[in-house]
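First, one chain by itself: the form predicted on its own, in structure tokens.
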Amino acid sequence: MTIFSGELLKNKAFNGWNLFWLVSGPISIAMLIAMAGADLSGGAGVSAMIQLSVRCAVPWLYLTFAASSLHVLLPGPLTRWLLRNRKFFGLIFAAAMAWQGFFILWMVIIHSDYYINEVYVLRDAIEGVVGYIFLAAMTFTSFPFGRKLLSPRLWRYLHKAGIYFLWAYAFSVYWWALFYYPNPLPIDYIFYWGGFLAWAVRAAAWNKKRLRLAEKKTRENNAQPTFKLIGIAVVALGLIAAGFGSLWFDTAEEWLTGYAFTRVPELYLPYWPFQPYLPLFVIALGTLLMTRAKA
């Protein structure tokens, strides 16, 4: 019985609701232990608990985000198990985020002065509220009684838009931690590159599907070599930009902000002006060029 044979992954203890309780139970226990040892009489202590709850949640978000694409790229027992339990990875993420919501409410209600003076930024608050709306809607419609309220198409739109929005929020948090704020922690690097890898897996799966489509239409992969070479170069440029955001951040900030027509989005639009995602846009463009077929 090995993981590679798939036998262990078929065990009921590692699937479905058993998997959910196997993971979310220890997370909740860890949160209670951390609460017992934390100084929650001040806003700083509650803020630390918020950070801890997010760190418990984010890996499951990334896994949910990448599960289907991993199966496209590497079909096998492990990725079938990931795909089969994707819903429960998402519910584990939701359970851990419920702890974050609890501590956010604690801070807002009990330590409101600390929240207003040290934490509150309007656009960040909008991003957080929208993220929780998506999370609540996705969790509700993950169960049969919620799913039947939506058509299959609306259900797919909701969950695709929601998972991208939630991934974008987590990814941007760690991008800013690395390339804007001083003294990033080692875990910030892990979560940033983990989020990048989760997105890169989806991009690679998209690339694979486009190649399959081109082969199906023409019975051969006839992407133009020139476009392939340009695409590879563009992808390489995006990868460099993803690893060295501090080198181009100031220039991007100068070009993308400070105009009369950007005042409203700078205040209210989540993620504007999208600096964390600019390298990803470049990589996506390169991937598109690499798979461009002849007319």
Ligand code: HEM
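Start at 1 with the first residue shown and count on from there. In this text, all values refer to a predicted model and were calculated from it rather than measured experimentally.
Heads up, the form predicted together with this ligand isn't pictured, but that's what we're talking about next.
| Since exactly one of 170, 96, 138, 198 fits, which has a heavy atom within 4.5 Å of this ligand in the predicted complex? | Here the answer is residue option 170.
| task | Would you mind picking the one in 31, 54, 239, 67 that has a heavy atom within 4.5 Å of this ligand in the predicted complex? | result | For this set of options, the contacting one is 54.
| request: Classify residue 176 as contacting or not contacting this ligand in the predicted complex by the rule of any non-hydrogen atom within 4.5 angstroms, answering yes or no. | output: Heavy-atom contact with this ligand at 4.5 Å: absent for residue 176.
| said: With a cut-off of 4.5 Å between heavy atoms, is residue 131 one of the residues that contacts this ligand in the predicted complex? | reply: Yes, residue 131 is a contact residue.
| If you check in the predicted complex, is residue 91 within 4.5 Å of this ligand, heavy atoms only? | Judged by the heavy-atom cut-off of 4.5 Å, residue 91 is well away from this ligand in the predicted complex.
| Looking in the predicted complex, any heavy atom of residue 142 within 4.5 Å of this ligand? | Because no heavy atom of residue 142 falls inside 4.5 Å of this ligand in the predicted complex, the answer is no.
| Stretch in contact, per heavy atom within 4.5 angstroms of this ligand in the predicted complex, of 245-253, 54-62, 262-270, 32-40 | Contact criterion met by 54-62 only.
| Honest question, do 211, 230 and 284 all end up within 4.5 Å of this ligand in the predicted complex by heavy atom distance? | Contact check failed for every one of 211, 230 and 284.
| message | Suppose contact means any heavy atom within 4.5 Å; which members of 91-118 contact this ligand in the predicted complex? | response | Result: 93, 97, 100, 104, 107, 115.
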